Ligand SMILES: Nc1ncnc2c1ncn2[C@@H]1O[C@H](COP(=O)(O)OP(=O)(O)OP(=O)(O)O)[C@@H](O)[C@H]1O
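The form predicted on its own is given below as one chain in structure tokens.
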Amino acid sequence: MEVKGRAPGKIILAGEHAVVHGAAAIAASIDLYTEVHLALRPSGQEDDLLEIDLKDMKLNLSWPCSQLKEVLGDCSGDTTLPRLCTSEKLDLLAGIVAEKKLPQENIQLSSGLCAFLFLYTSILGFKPGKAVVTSELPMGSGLGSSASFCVALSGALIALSEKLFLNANEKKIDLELVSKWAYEGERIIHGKPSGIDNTVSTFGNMIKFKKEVTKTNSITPVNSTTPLKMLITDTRVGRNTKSLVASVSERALRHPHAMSSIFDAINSISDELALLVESPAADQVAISEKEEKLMELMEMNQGLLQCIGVSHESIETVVRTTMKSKLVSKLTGAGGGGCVLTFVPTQLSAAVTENIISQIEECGFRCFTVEVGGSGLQVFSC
């Protein structure tokens, strides 16, 4: 049996980093996707293998199922109860991946491969199979590439575990279950993720997300009344999400009152932005006024992100470049490089947009435009 999982990337319009500390964040899916084509193979062969083919990286790896079973032990359990990857198991997974001696240029894939092995064996056990992965999302850039991978993979694995042929008249995938499994994969990759990336990649569209300590995370749909388009700049500057999240937490410990005030301000921006996006706009004048307010909120959010130490010279270069055309930009995701959002007003001419792109790309960056919102996880039988 074969299935394909397809999950979108995401942008954060407001609230990154502060969301880890209890503030609200606004996130939305974008029309760039990761696909995982998953096929099970007959068991009982001498060369039973679990294989992953990372097409974009030109990297193909495989492990004998017997080796995985010997090292990891019994992985059987209830797939409807996602479980944490313990530190002991993570060490075992890291050892299995390390044996492959990845080329230095691919070493950043190690944690993602650990997540793959954990999710596969936890949901399907030690059945031989092959996963083929392709993605339109740049890695490590703040567009949720790892969550998109974990969601697409988890959706395909759950479909296979339940032996579902996902036709229109048959049972649908439990999206809440997919999101929970994908979050466990994200924990392996990022350490302490907020949960926002896997949520928006699973459910799609736009959401207001607030992490709760004592109860289920608060997820509220945000229904945009007008189309939103963003110019995304990939600075090509890699960064480590885990270390950036940790650095913000350390700064919050050193300056608790000041950082708490900043988090409160970011929370207010997220709340106002959600209301603004949902507010009606009857004509082009109203739309333009709405867009002007949205840009002001993005500008304030970027200033606060600078205050907590997660901006970068590459990000500031994009901010200064777009400001010349009276456009507003902000980092999205962890910061420290990665990607930058520039809001594209509905009345902005194609010539102006092309000129801005040309100026940005002269700095060595790359640009692409995306539509904001849209479908989340889709799973197809093949």
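The first residue of the sequence shown is number 1, and the count goes up from there. Small disclaimer: the values here were computed from a predicted structure and weren't measured.
This next part talks about the form predicted together with the ligand, which is not shown.
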Per contact check vs the ligand in the predicted complex (non-hydrogen atom within 4.5 angstroms), the hit among 254 to 262, 283 to 291, 217 to 225, 190 to 198 is 190 to 198
The ligand is absent from this chain, but in the predicted complex, do G140, L143 and T241 each have a non-hydrogen atom within 4.5 Å of it? yes
### Task
Using a 4.5 Å heavy atom cut-off, state whether P128 contacts the ligand in the predicted complex.
no
ask   = Does the 4.5 Å heavy atom contact test between C65 and the ligand in the predicted complex come out positive?
value = no
Is P82 one of the residues lying within 4.5 Å of the ligand in the predicted complex, judged by heavy atom distances? no
In the predicted complex, S29 touching the ligand (heavy atom, 4.5 Å): no
Interface check vs the ligand in the predicted complex: of I207, V133, I123, V97, the one with a heavy atom inside 4.5 Å is V133
The one residue among L327, L50, A334, I356 placing a heavy atom within 4.5 Å of the ligand in the predicted complex is A334
Residues in 6 to 42 that come within 4.5 Å of the ligand in the predicted complex by at least one heavy atom, in order, are K10, T34
